[in-house]
Ligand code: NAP
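Shown below, as structure tokens, is a lone chain in the form predicted alone; questions about how it binds or moves come after it.
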Amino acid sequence: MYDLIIIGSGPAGMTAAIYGARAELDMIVIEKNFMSGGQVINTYEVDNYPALPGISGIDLSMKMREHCDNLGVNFVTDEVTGVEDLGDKKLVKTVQGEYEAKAVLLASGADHSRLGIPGEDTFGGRGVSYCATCDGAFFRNKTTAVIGGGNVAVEDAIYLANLCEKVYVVHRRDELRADKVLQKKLLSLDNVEMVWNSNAVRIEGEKKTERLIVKDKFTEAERTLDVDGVFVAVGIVPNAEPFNGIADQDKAGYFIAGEDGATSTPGIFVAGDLRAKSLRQIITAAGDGANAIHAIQQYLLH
């Protein structure tokens, strides 16, 4: 019986692990992937984490993991399939077995949203990608399109512009939602073309991606973009499926909790991108992890 089981090893989970270790909690961190970091490892450059401007996502993740390892945090690589609330005891079910704890911290983050258009699944891994930093190198000196208008989309487009001959940015509105500093950098690039007020409607090709068809949302006129790759960056969805119903969630599936991370179910806490909140950033995830451990300590005392 552990004091705490942390599910997920992104910034929220690893920060919680650091604080939990310093509080001498008997705990484990269950991570699905062999590399800690969550979505951060797919970020080419992190320029808004205090004191570490320009650090790569992988390097930041490695530093967090090293901090955990130095404190003796126990990581278990396994996939959680469900969590049961048994009152004072919580049962965490995984592919490999079961674990018991007095408290559970859900920190499994979120994942990329999909477009749901023809060709997206067909050309997955053959030109369609959800991670520019992972797959961008395959498109050096080629033409790509980025779909989206937020920070991730703009960061992806900037990154790809350094590799590709040309980058289209397809956005359904007539202005970007990304931070102004990112917008300014993107719009200054000569090999980037904005495709405003347009939606992607299908991806075509023979054995690999060759064309992206977009439709103007006002005129409904279709335009064909000859591209070698399509990078989708249209938001995220919570990785909540194994935990649905364990505590109150909003309409999108995020768990409802305040800064202390306490959900509607005593002993079940949430931190990071899985929590319903207005800003999802590395630093807010880390803050969630720290706050949650403070609340969990209080919970364990009762």
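What you see is a predicted model; the values in this text were computed from it and never measured. We number the residues from 1 along the sequence you see.
The form predicted in complex with the named molecule is left out here; the points below concern that form.
Just to confirm, with a 4.5 Å cut-off on non-hydrogen atoms, which of Cys134, Val76, Ile213, Leu115 contacts the named molecule in the model of the complex? Result of the distance check: Leu115.
Name the residue from Lys89, Arg126, Arg177, Lys185 that puts a heavy atom within 4.5 Å of the named molecule in the model of the complex. Only one listed residue qualifies here, and that residue is Arg177.
Taking the partner as it appears in the model of the complex, which of 164 to 172, 78 to 86, 95 to 103, 218 to 226 has residues with heavy atoms within 4.5 Å of the named molecule? Looking at the partner contacts, the answer comes out as 164 to 172.
Any chance Ala247 has a heavy atom within 4.5 Å of the named molecule in the model of the complex? Ala247 lies outside the contact set for the named molecule.
Gly205: heavy atom within 4.5 Å of the named molecule in the model of the complex? Because no heavy atom of Gly205 falls inside 4.5 Å of the named molecule in the model of the complex, the answer is no.
Is Arg280 close to the named molecule in the model of the complex, meaning a heavy atom pair under 4.5 Å apart or at it? Looking in the model of the complex, residue contacts with the named molecule include Arg280, since a heavy atom lies within 4.5 Å.
Contact with the named molecule in the model of the complex for Gly149, defined as at least one heavy atom pair within 4.5 Å: yes or no? Yes, Gly149 sits close enough to the named molecule in the model of the complex that at least one of its heavy atoms falls within 4.5 Å.
Heavy atom within 4.5 Å of the named molecule in the model of the complex: which residues of 235 to 260 meet that condition, in order? Counting only heavy atoms within 4.5 Å of the named molecule in the model of the complex, the contacting residues of 235 to 260 are Gly235, Ile236.
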